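Each of the two blocks below gives one form of the same protein chain as structure tokens; they are labelled structure 1 and structure 2.
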Structure 1
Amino acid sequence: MPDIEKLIPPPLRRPAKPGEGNGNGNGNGNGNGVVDLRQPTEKNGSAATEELKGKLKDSPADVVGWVDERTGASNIVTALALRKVPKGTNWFYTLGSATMFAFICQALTGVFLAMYYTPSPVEAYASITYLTNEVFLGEFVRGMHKWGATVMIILIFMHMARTFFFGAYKYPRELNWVIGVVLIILTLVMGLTGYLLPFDQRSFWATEVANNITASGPFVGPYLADFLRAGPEIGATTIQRFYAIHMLLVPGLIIGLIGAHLFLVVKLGTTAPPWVHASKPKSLRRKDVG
């Protein structure tokens, strides 16, 4: 077996553990390799394979260990993975992560769309036509983004309904509910701003109406509408503004808030279903487990 160890830069070499042969260990040069006295001197076939297995298992490149030594990440990961979810947790509790998957899907497909899309009234429509008809899998990715939006909206409403009907917004999770409401508003803003971008007739006129709706608001309404439109009419700057809001501002906010949301989920733990009680073990039979 070639000595791979020599190829691995010293900081990534696995430090010798007591009991390991010195062939494996003193890469760090600290000379604490201890000769294992129990090591058999004569190897038969099966012992050799055993040894090979062992060598492969603790391959000399200890990248995980190196990262862990500097970040302490393994503690966090283990704590996250092994934290307990309360008794009775059921399929309704997957709706939050399902919403997150839909969002991730939107983010990924959105990046691909952004590679072809041009936010200008002259070119926007043509760039979408090109993307849809010419680019390999273009229509497929666009379809995923379009229908992914629908799926995400449905999931986020279902997730909200779940937390509402389970009373999960009550103490101590009030703040997580508030963050959730902001997330749902931001998701709707994504739907609204994304609708203009293909710049076909439907997006144009629907946005016109949406803007007039904004303008009908009291006090700030007209100013807000003017800001969105970037002028008295939908034009070049409107598209750019909607584009910036749709692909930078709001996704950034959503990512940050999902982070805060999940932080609180981990910190506080998810609720047990309201019908499960610790004091009444009778109601805790079979179906509630897992």
Structure 2
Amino acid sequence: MPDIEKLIPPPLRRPAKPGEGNGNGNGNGNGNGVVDLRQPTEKNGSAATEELKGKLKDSPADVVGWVDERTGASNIVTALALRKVPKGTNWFYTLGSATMFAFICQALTGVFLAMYYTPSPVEAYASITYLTNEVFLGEFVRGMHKWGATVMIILIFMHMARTFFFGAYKYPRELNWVIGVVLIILTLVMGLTGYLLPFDQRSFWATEVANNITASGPFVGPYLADFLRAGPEIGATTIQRFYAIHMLLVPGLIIGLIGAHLFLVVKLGTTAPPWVHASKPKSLRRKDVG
């Protein structure tokens, strides 16, 4: 029969701290430089277990720390909060943040309106009427969405004007300028597609005029107009296509481009106003002689 003692696995071992145990810096208790983890000691015994249980019981779960450890979000927040701001920064630099806030308001109110809206040429106007007159705070939310669209367009044009006149479109921020131009176009497309959704006489004929203007464009104009109409003329498929573009396609593109836009702003920094000139370092200044 095999020796039973040979079948028993050896005790778990870990290196002992230098200077402990046998006096030569390698031992701890058993003289061979290892500690038997199966035997309770001062650090791995019941005392340490009870201490750990007490800490877990007394302190609440740190959910924010748990999420931050796995996402690294604190580094991003720190970079945003502690990034350098050039001298002379004023309220003109808040136009970009105001535009993003207007877009967030449009998204939130749009979700509320989508709960009651029916994208159908027969029921669209009736659903809007019911939302305005019957739903609690419906008229208020619809007014926020309607006038918020105008406010967002005004703010984004003011933001682009500030960027242009302050020279913030120059090297190395050309890509951010291109992204901003695309965001303006998408904002106008979102306003155009949303204007048809009530499907009353004014929105119908305004969309007809806008679609004819689109068709007059060179090369891709007629194809783009046919794509927007989803047929030879404005009808049931047109309103459904406008609704899908307005609710899904354009907001998704805007969210992605805003993320890229903010990333480049944090990475490249903010430009100083044109009337603020950088001072030369003391080492480069001309020293007065005699």
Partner chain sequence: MNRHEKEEYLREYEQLKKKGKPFFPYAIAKDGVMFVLVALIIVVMSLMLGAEQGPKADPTTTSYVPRPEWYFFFLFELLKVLKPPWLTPVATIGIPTLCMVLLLLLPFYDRNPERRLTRRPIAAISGFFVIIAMAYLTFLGANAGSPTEIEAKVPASLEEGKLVTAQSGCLACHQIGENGNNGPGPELTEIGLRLPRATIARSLYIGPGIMPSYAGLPKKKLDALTEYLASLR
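Heads up, when I say rigid core I mean the largest set of C-alphas that superpose within 1.5 Å between the two forms. Residue indices: 1-based, along structure 1. Computed from a predicted structure; not experimentally measured.
Q: Sort out for me whether 1 or 2 is the form predicted together with the partner chain.
A: Number 1 is right.
Does the distance between the two CA positions of Tyr171 reach 2 Å or more between the two structures, the core being superposed? No, shifts by less than 2 Å.
After the core is matched up, is the C-alpha of Phe219 off by 2 Å or more between the two structures?
It does shift by 2 Å or more.
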